[in-house]
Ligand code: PRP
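First, one chain by itself: the form predicted alone, in structure tokens.
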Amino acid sequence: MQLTFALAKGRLAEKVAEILTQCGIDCSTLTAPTRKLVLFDKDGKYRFIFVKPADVPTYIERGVADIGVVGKDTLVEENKDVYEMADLKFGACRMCVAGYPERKNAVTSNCLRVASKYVNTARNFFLTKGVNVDIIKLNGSVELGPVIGLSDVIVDIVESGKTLEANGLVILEEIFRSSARLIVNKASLKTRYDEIMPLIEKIKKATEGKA
């Protein structure tokens, strides 16, 4: 029976293919141009399904896939019942509160308007501070929120910070650091432990020493 990986297409899948290749798995099919949503390694031992990044934890929790790779930001936001097994040390970014410099003190004020696609993360963060917030869900260009007055601040992932800078915004507070994480279905780990754990150990070894 094949082990099934849930992945998001693009750079993430390419990085996973590199890591699995170091583990002795021929994943050349993962990097070849195709519109197929289900692929297999050369030996047919592993099946790869391609889903939206935000859906990876759901596929793992539901047992449709055994193993998945997803950003910590998505893992925190979706809050699914899965095991987080390893930090793959790529896709590094930070989950931050950002806005205009003069809004620095607003992070702890009440009735704060917060624009974000990470609505659960934003709500939970401000809840721990005892701050009452109005969460405005946006799916793209959240930086526009403070610029046009839709929100006081935003909660979003920050990589280089260049988009913030270009729009006159700064990081007001860092919530947590994110990178790609290896996650596993709880039942799969129990019933297929002898298959999954050796692979996880190989993956961990392949990512040792990486920033």
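The first residue of the shown sequence is 1; numbering continues from there. The structure displayed is predicted, hence computed values, not measured ones.
If you look for the form predicted together with this ligand, you will not find it shown, but the lines that follow are about it.
Among heavy atoms of Pro101, none comes within 4.5 Å of this ligand in the model of the complex. Mapping the unseen interface onto this chain, Asp66 falls outside it, with no heavy atom inside 4.5 Å of this ligand in the model of the complex. Not displayed here, this ligand is approached by Ser160 to within 4.5 Å at the level of heavy atoms in the model of the complex.
The shortest heavy atom separation between Glu61 and this ligand in the model of the complex exceeds 4.5 Å.
Partner contacts here mean any heavy atom within 4.5 Å of this ligand in the model of the complex, and among 41 to 49, 174 to 182, 23 to 31, 160 to 168 they occur only in 160 to 168.
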